[in-house]
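Single chain ahead, by itself, as structure tokens, in the form predicted on its own.
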């Protein structure tokens, strides 16, 4: 129980830092702006056929959520590195607490951040008239996907921070995420893609998470894509969590 309590206090401290308006408002603003701009720009492409919905606002919801949580995953590594460079991390290591409480407190903030971003985007979608085919339960599953997948990318960011101990490398790590975000069925269904791009999309695990979340919005409880997205999400977060905890243990012993 003491480890849980310690994790909670670390989480609360990190959450207060994140809740500074200058920290949490820009990512939310950018995600909302991208959603509105892309929806307005490409709203007529559904006339090409092959889309599961005639509402392009609904088609975009899942991708906007995924790109938001993936890009913000880099914040976790940067926050941990900031504590290391300021000396606060060393003070925590000297305190009589479970060392993994420090790591898990940081990761819980990452999950909270992903949930907040998903909720904001869903609220914007409602404002644009999007109808969620799976209802309230589907929205909860959608938010769950966002939280867990955001956790995976936060682990990757922490791994980069621990291995490099470099602010520049950690800040620049988001560049590595670009191919995973845009080599998906972000703007078009797979049937309308061709050539090497279609092959890359099929090989990209983010595609399956995006598709799983999308069917919850535009189709309903279509189990095959939802289960595929679930396996990819679990298959991503579990090894990254194990790698993160292993590297963290080596770095703190």
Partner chain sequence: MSNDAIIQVENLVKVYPGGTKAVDDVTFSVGEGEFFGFLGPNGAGKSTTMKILGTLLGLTSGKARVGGYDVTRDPNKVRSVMGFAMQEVGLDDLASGRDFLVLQGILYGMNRREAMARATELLDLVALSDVAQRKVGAYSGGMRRRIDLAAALVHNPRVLFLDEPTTGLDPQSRLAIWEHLETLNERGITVFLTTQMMEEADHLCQRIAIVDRGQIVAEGTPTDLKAEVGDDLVIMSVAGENDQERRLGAEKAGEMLSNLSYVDGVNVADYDLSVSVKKGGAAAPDLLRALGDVGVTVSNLSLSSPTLDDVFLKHTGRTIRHDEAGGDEYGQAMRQWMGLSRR
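Values in this document were obtained by computation on a predicted structure and should not be read as measured data. Residue numbers count along the first chain shown, from 1.
One more form of this protein should be noted, the form predicted together with its partner chain, which is absent from this view; the next part is about it.
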Do residue 10 and its partner chain come within 4.5 Å of each other in the model of the complex, heavy atoms counted?
yes
Using 4.5 Å between non-hydrogen atoms, is residue 241 touching its partner chain in the model of the complex?
no
Decide whether residue 133 counts as a contact residue for its partner chain in the model of the complex under a heavy atom distance cut-off of 4.5 Å.
no
Though only this chain appears here, would residue 85 touch its partner chain in the model of the complex if you measure heavy atom gaps against 4.5 Å?
yes
Counting only non-hydrogen atoms, which stretch in 89 to 97, 72 to 80, 107 to 115, 124 to 132 is within 4.5 Å of its partner chain in the model of the complex?
89 to 97
Contacts with its partner chain in the model of the complex, stretch 13 to 31 (heavy atom within 4.5 Å)
13, 16, 17
